[in-house]
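One chain is shown next in structure tokens, namely the form predicted alone.
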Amino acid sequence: MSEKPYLHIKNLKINFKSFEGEKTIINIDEIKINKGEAYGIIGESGTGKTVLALSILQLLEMPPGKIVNGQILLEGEDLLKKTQKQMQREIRGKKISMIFQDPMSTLNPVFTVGEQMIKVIIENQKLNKKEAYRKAVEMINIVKLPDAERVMDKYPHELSGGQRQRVIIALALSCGAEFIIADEPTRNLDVTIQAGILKLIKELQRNLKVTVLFIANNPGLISATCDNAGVLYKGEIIEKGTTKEILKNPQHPYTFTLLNAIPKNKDTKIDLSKVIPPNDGEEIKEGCIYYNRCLKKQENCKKEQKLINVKDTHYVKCSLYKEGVNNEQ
């Protein structure tokens, strides 16, 4: 009998209300994340990645957001059934922490790093101030910031972008959380700093046995950090499998497009007509959500799409493939 997943998202549908009416933003059949695993969600901006992350923590504004149906199970407990008080007392910080894109929106500019970390540790781990200080120094050392005590005395604006992001990771770990949601944590950093943060997240995941949900619009970031991944488009998982399966052998036309939008080297020129298909304007009520942008669309694509097992642990939501057939491209 297979072990139950640590985080299990089932039949999750989230709508947003606007002046045009209700629109479905998230429509996920299933995501399974095992304990100690790093799982990646890849997709372009505006496809619902952050909405999914905020939903797990029950931080989504309601309204305009509305959970239509589904479950988000953490160790078998449905987070969507918990009250805000329960989420605050039992889940946020203590079990799940989130690393945001912009550390300056998380850190308070009028308090030192040490003051903020000590406050979080006292609230979540019930330590006294002296113990909390020692714990904060320990966490800053874990995220490999040199001269931890000096860092404790600094204000956020006195740190570089990469240093601030390491402080945010230290804060997330300080709460004792075993599950970290990293929402494009390297987006505002330059490439060399990005590499250091990605390496740190991977090391912490392995050494501390934390579970990581890593959200990115750049597939290359997923390859450096994640064991398995799902491709999100307009709120739906349209392809999933091991990171290697998805990046080495993309099956869905959207995944192929996403991967080919990244230059392989500085001399590579991209033919945008092959990478970004034009929107032909034809909307369909059912069927593939990628239909009006797809270069390979067929009449079959107007029917309801289901995830098909193409090979091993590799699944794709596309009518170009058949269940149980080796669909290697």
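Just count from 1 along the sequence shown to find any residue number. Everything numeric here is computed off the predicted structure, so don't read it as measured data.
What comes next is about the form predicted in complex with a small molecule, which does not appear here.
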Report yes if any heavy atom of Glu286 sits within 4.5 Å of a heavy atom of the small molecule in the model of the complex; otherwise report no.
no
Would you please decide whether Ile67 lies within 4.5 angstroms of the small molecule in the model of the complex, comparing each non-hydrogen atom pair?
no
Residue-level contact is defined here as any heavy atom of the residue lying within 4.5 Å of the small molecule in the model of the complex; does Lys135 satisfy this criterion?
no
Answer yes if any heavy atom of Ser223 is within 4.5 Å of a heavy atom of the small molecule in the model of the complex; otherwise answer no.
no
When the small molecule is placed as it is in the model of the complex, which of 179 to 187, 116 to 124, 102 to 110, 157 to 165 ends up with heavy atoms within 4.5 Å of it?
179 to 187
Which of Asn217, Gln71, Gln194, Thr243 has a heavy atom within 4.5 Å of the small molecule in the model of the complex?
Asn217
Using a 4.5 Å cut on heavy atoms, which of Asn260, Asn34, Gln58, Thr50 is close to the small molecule in the model of the complex?
Thr50
